[in-house]
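Below you will find one chain, with nothing else, as structure tokens; this is the form predicted alone, and questions on how it binds or moves follow later.
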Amino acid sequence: MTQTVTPELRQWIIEQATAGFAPDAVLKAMIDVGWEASVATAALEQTMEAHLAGLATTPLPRPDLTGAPRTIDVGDRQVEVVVSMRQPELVVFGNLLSAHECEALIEAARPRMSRSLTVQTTTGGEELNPDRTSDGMFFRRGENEVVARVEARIARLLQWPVENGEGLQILHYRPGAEYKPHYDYFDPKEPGTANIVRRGGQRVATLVIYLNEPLRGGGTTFPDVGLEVAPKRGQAVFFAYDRPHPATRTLHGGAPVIEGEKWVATKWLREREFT
């Protein structure tokens, strides 16, 4: 007997994905109620591909990957496209920063490092978080020549205004330091979020730039998709989230540094001008 994929089934698949259920869980639920595995798999893939194509019109920071380019011209250098994904919307870039720029950022940040804080979404303030054991600091936008050059390059690469970005944050992870899996957007359900988003709206994308290479460990992990990006100096991982919801599959973390140390620069991008 031939099974027909109905509009109702497609809508149900979208609702499950939007609610944050992983594709494997949605597929299993379909098979458990009698759908043939091949039909269920095809329905899931086709429905999500069409759904994501519709979301592609949402204004977000994103590189121009039209024509599957191997490099992107950002004016002062050619940035390599190493890996790209649709869900989550994620790109690994190579040759984003030079070795000299990486060292310059580290040395400018080193005297100003202190224990990293996280946003306190219940109040809108900041707090120490045992899940985050790095040291960090923020540069002001355009604070020095290297910071301004890097910010302009990021704006061109991701087609997003410089003023819509938070200040560049430098983080230092010693052996054993990590940042357990988390989301970068602000949870709309928390009482402090309304106060936080007054300064530029929601976060809509993240760029993590690797300034050095630990001997072992320290990768950026994406548990929902089984991906780990190894830290390589000058490279970066970018991911965008069109809404503050687990369905974006942007749960990520900084794996513990096993040997050596890790330095990264993080750029968070907002909906509007960040003040």
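Just so we're clear, the structure is a prediction, and the values are computed from it rather than from any experiment. Numbering starts at 1 and follows the sequence shown.
Keep in mind the form predicted together with a small molecule is missing from the figure; the text below concerns it.
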is_contact(S116, the small molecule) in the predicted complex, heavy atom dist at most 4.5 Å
no
Contact test in the predicted complex: W268 vs the small molecule, heavy atoms, 4.5 Å:
yes
If we define contact as a non-hydrogen atom of the residue within 4.5 angstroms of the partner, is V208 a contact of the small molecule in the predicted complex?
yes
So, in the predicted complex, is P23 in contact with the small molecule at a 4.5 angstroms heavy atom limit?
no
Option touching the small molecule, based on a heavy atom within 4.5 Å in the predicted complex, out of R77, H182, R174, R112
H182
Quick check for you: of 166-174, 69-77, 92-100, 193-201, which stretch puts a non-hydrogen atom within 4.5 Å of the small molecule in the predicted complex?
166-174
